[in-house]
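A lone chain, given as structure tokens: the form predicted on its own.
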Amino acid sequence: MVEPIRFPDIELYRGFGAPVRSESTISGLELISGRLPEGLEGTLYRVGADRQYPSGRTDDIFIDGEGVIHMFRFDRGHVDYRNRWVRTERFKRQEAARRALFGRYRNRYTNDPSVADVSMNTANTSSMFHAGHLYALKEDGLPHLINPDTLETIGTDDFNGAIRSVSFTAHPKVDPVTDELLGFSYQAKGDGTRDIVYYLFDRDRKLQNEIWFEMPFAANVHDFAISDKWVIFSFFPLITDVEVLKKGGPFYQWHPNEQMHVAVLPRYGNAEEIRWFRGPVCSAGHMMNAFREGDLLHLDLCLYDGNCFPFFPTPEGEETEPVPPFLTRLTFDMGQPGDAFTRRRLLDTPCEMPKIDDRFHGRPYRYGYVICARSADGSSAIGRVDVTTGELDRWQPGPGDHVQEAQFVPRAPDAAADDGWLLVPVSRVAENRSDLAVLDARNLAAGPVALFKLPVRVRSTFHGTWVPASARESGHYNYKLPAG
């Protein structure tokens, strides 16, 4: 007898988090209020996870599930919406079997024997646009090439053999001023290895630099940061143990007695120039930005004094208490010997999912955009933080409603810092549907300048990117740093 499709009754799959399992095409979203700013032409791409079939497990985690790519196309005063499954090999195998074939998050030893040699890559974390190519990304596999108009999945891409690692990061940095692509792979030779590799590609996808080195342990390296001269990798003690995997255990375990390690690599140099720094145990999922000030190298990140992924236990099987993330600046003195660094909190309000104006990747900047901690009514807010003063401007969509990660769009290719728009997907929890808000980045508290209604639910997405109409046509950004 064929088993029925039935999802477990767990918190992850209740309410707004219930699996959507569908694809939508909406030509022209309803404008609820305001007016779309003139000149806002391009496409917002977002990627998140959904469940194709129930796994049969009650320990599923929110970062698992098949990839779904979402598209909001801004075209001559209208906004169209489309979403499609990323048709990975994993997705296609399950589609044919009409059931889940993959087990615990990233643990290949818990998979159905029929897919023993199939990649677990879900392509469910982020999107990237570079040199005319759009990708859906997940850090445990190669990028999936996506048609930027139809969202059809074309297949995996190793950049004509240049990516020699088994995977590629879900947090690459595309510098829209130089049009360079910077990325990496951790556990780059397979699960549990200590290998990590840094890649630098030019505007035409040609490999310009590649540095292989070893991590202090088989860490999770979800994100990294860049400056004009240096690239920063942080190693927190979320560690993979293959023997644990073979017994059906979690992909990562939190080791609270280990140190934090930081490797600073030359952006255009070699492995012999790497500097190492060490500090007390902590963790982070996401970096805001990094920049150089003489010999001082600053890294701004959402830092947890504990385990940023508490659903990954200690080696003893103990769950860790959730701790709040705070925007923090780590400063490394590249002109002095030693492995110490300093830290300073930039914002006293807990926050996550940091974003900046992409033109300032690796450069001195002033403004960042974050999701602020939830209020007593369960809602969250989008905040703009001035990292020089700590001032916070925010917009909250309403009681019980949530915001997703913001995307900054400059008003013009050479617009002044913070002169532009924030595009923010909104989860209307009580109505079981979504909105898209367009905010003036310089006045969030005033509310949306345009608010669009989706009659469908956009289950929480993780990360995304904005592609101006001109870049979609030419394949290259034409962004410039503002004068002064």
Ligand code: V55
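Model, not experiment: these values are computed from the prediction. Just count from 1 along the sequence shown to find any residue number.
The next section is about a form of this same protein that is not shown, the form predicted together with 4-hydroxy-3-methoxybenzaldehyde.
- Judged by heavy atoms within 4.5 Å of 4-hydroxy-3-methoxybenzaldehyde in the predicted complex, the contact stretch among the candidates 364 to 372, 331 to 339, 120 to 128, 144 to 152 is 120 to 128.
- Contact check for residue 422: no non-hydrogen atom falls within 4.5 Å of 4-hydroxy-3-methoxybenzaldehyde in the predicted complex.
- In the predicted complex, at least one heavy atom of residue 139 sits within 4.5 Å of 4-hydroxy-3-methoxybenzaldehyde.
- Among residues of the shown chain, residue 222 is one whose heavy atoms approach 4-hydroxy-3-methoxybenzaldehyde to within 4.5 Å in the predicted complex.
- Although the partner is absent here, residue 105 sits close enough that one of its heavy atoms falls within 4.5 Å of 4-hydroxy-3-methoxybenzaldehyde in the predicted complex.
- A heavy atom within 4.5 Å of 4-hydroxy-3-methoxybenzaldehyde in the predicted complex is found for exactly one of 267, 384, 286, 255: 286.
- Interface residue among 233, 159, 277, 309, judged by heavy atoms within 4.5 Å of 4-hydroxy-3-methoxybenzaldehyde in the predicted complex: 309.
- In this stretch, 55 to 70, the one residue having a heavy atom within 4.5 Å of 4-hydroxy-3-methoxybenzaldehyde in the predicted complex is 63; the partner itself is omitted from this view.
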